[in-house]
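First comes one chain, alone, set out as C-alpha cells in the form predicted alone.
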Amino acid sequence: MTTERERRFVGPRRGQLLFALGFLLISVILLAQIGEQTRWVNGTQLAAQPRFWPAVGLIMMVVMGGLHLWRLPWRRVSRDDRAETWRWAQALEFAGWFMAYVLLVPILGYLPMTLIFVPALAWRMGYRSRAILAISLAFAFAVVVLFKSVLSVRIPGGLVYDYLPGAVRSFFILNF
C-alpha cells in the first residue's frame, strides 16, 4: 500500500534507497579518513588549511546524504531496488576486465596484452564477426604503436620480453 507521500515522489523510485544508503556510507567513511589523509598546519589561517575545504565538502556530503535518506518516503528495499542494484553491479564486471588488464600488462607486456584484451572485450560486448574482431586487433595494434612509438609513453616492458633474444628484446621493450 503506497502512501500519499510515496505517490507524490517525483522521479524514479528504483534504487533511490540503496543510492542514499551507499552515498551516506561512503561519505561517512571518507570523513572518518580525513585525519589520516590531510594535515592541519599550525600558524595557517583556517581557510588556507589543507584539511579545511575537504572537510567542508565531506561534512556537506554527510549532511546532504543524511537529509536525502531522511526525506525518502519509503524505507523498504523493493524488487525494483534489487533489479537496479544488479544493473549497477553489472558495471563492475568491466572494472574487473580493466583491473585484469592493468595487472597482466607488466607480466605479458603491453602489445601482447592489448592484442588479447581488445578482441576479448569486443567478444564480450557481443561482436562476434571476423571483420569486427580483425578491426579490434588492428585497433589494438594502432593504440600500442601510437602510445609507445609516437607519443613515447613509458610503459614498462613485460616479463615475457626477457625471454626474447637480445636485439629483439630491446626492440620490443622500446616500441611495444
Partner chain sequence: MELLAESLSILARWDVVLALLVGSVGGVLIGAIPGVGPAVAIAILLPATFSMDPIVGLTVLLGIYGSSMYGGAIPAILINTPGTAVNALTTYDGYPMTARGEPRRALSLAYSASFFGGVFSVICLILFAPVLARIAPLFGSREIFLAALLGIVLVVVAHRGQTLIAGALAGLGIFIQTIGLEPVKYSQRYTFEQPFLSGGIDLIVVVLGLFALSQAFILLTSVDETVRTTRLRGGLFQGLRELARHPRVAGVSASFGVVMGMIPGVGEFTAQFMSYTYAQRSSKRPEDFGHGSSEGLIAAETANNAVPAAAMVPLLALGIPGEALTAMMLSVFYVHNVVPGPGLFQNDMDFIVALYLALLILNVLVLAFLLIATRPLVQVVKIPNRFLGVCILTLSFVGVYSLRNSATDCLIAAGFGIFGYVLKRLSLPIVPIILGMVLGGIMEVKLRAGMARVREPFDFIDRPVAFILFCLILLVLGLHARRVWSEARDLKGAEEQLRHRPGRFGGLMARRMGALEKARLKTVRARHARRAK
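Please read all numbers here as calculations on a predicted model, not as lab measurements. Positions refer to the first chain, counted from 1.
Missing here is the form predicted in complex with the partner chain; even so, the following discussion is about that form.
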Residue 90, heavy atom within 4.5 angstroms of the partner chain in the predicted complex: yes
Contact flag, residue 102 vs the partner chain in the predicted complex, heavy atom cut 4.5 Å: yes
According to a 4.5 angstroms non-hydrogen atom cut-off, is residue 39 in contact with the partner chain in the predicted complex? yes
Is it the case that residue 166, even though its partner is missing from this view, gets within 4.5 Å of the partner chain in the predicted complex, heavy atoms only? no
Though the partner is not shown here, which residues of 139-165 have a heavy atom within 4.5 Å of the partner chain in the predicted complex? 139, 143, 147, 151, 153, 154, 155, 156
